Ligand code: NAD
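Take a look at this single chain in structure tokens; it is the form predicted alone.
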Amino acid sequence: MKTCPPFWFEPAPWVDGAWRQASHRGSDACTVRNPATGALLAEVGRADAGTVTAAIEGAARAGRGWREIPAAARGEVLKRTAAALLSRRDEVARLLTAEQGKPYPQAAGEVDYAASFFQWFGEEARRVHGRIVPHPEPGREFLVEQCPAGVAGLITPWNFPLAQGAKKVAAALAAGCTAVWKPAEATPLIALALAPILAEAGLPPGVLQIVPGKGSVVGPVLAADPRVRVLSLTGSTATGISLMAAAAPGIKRLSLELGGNAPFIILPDADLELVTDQLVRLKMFVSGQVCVTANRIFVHADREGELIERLAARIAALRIGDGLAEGIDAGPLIHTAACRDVRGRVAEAVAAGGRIVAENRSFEDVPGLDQQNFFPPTVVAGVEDSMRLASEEIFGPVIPLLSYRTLPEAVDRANATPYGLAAYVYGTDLARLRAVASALEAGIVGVNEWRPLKAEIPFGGVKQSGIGAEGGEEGIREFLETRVISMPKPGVER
């Protein structure tokens, strides 16, 4: 059994390179517990509106110096951060598991994933450049420049609290912006843990401020302050709508990665052994609490029976428990309310004709667990498009099976959602795979691949799943403004 490591940081807001302890105790403190066991990890001081404003002021001051540092030098800070994360992989992963609940191997993978963004944007920083454009009038030319947008407000979720922070922080800093980061209330520790790591890598005070606190307090301040020019959120579509409305009076740049309802289409010629392996891995990843997880499993009616048999065997073999224990495949949900929500969706589906064909309650025999935070991995057959289990994001370890007869039918049903974040297609005929993938309305499609996201590529949604992109060369553009300078063209006097 692994344990949560000793803290190398303070559980309080990080402002101008120092810990703000004023609101660390009492009614302004947030209690953080291990969701698997209920063990108290910390009382974290929440930032009030005054602290958030002070953080914005500090970021604005620091921005004047940060943007003047050569891009290559800014990039070196980010690459040193990547190296530091990898060198401290074990203790960072143990903290992440203790706070969020995911199994240790998944947490270690998240550390690697986070480091890849610091490395990628550390390299991309020096590739931000402008161009000279010929002027239609003689003796003049245009300079087209890419400039840091200003202070960026970053809001991240609890399911990937380190990686989602890394995506936004690394891109903003590489662009020459400073940032104020609001981590999720359920998982503020891993964000605060990054502060001294960045400082040791050479990040000047004030360039990144970290303000754990209530969304209802921090969000409006970030949206209203004119010095904040970019707002980047990963969260629910409802939260995105609220933030978009709040930011509208200030005409701020927005980058929104929001909810999803990903279809997983199994073609009639698919290798069901591969499908079963990758589908279960995908659904057990963070216990299904992932915006890009498979939410609707479309399987041809002639192959549904075989798939159910394979899934039942695979689900029965899983180990569910404390993510810090050895050999765990899936951990708890983030809190009791999440379990209650998933339980209600499954119950509604069963009442409407769905059938539970497999589930794993092995956690019920494990002592020391907070049982109310665990939900059994479950396979539900006979799911209809109208059920909430199919029409809304589940955010739990539930595999809903929806049968189809023709591929056009499957594609039409897959697209019949206001969301478009991710999708998956499995089969053996490459031409058919490509055709189906191209017909799906989603920002990213995994073809025979359950985890296609990488730092090197842009990731973002369509429709109500968001606007903008993270990762790839596109990710840094979210934090840049274009400026044109019309200049007299230099020449040699004759």
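We number the residues from 1 along the sequence you see. As the structure is a computational prediction, the values presented were derived from the model and not from experiment.
If you look for the form predicted together with ligand NAD, you will not find it shown, but the lines that follow are about it.
K.L.:
Have a look at 233-241, 247-255, 268-276, 398-406 and name the one stretch with heavy atoms inside 4.5 Å of ligand NAD in the predicted complex.
P.N.:
In the other structure, the partner sits against 233-241.
K.L.:
Against ligand NAD in the predicted complex, would residue 215 count as a contact residue? Criterion: heavy atoms within 4.5 Å.
P.N.:
Although ligand NAD is absent here, residue 215 would touch it in the predicted complex, with heavy atoms inside 4.5 Å.
K.L.:
Do residue 380 and ligand NAD come within 4.5 Å of each other in the predicted complex, heavy atoms counted?
P.N.:
Looking in the predicted complex, residue contacts with ligand NAD do not include residue 380, since no heavy atom lies within 4.5 Å.
K.L.:
Find out whether any non-hydrogen atom of residue 285 is located within 4.5 angstroms of ligand NAD in the predicted complex, and reply yes or no.
P.N.:
It does not: once ligand NAD is placed as it appears in the predicted complex, residue 285 has no heavy atom within 4.5 Å of it.
K.L.:
Contact between residue 421 and ligand NAD in the predicted complex at 4.5 Å, heavy atoms?
P.N.:
So residue 421 counts as contacting ligand NAD.
K.L.:
Can you pick the one in 346, 184, 197, 189 that has a heavy atom within 4.5 Å of ligand NAD in the predicted complex?
P.N.:
So the residue touching ligand NAD in the predicted complex, by this definition, is 184.
K.L.:
State the residue from 156, 373, 100, 178 whose non-hydrogen atoms include one within 4.5 Å of ligand NAD in the predicted complex.
P.N.:
Only one listed residue qualifies here, and that residue is 156.
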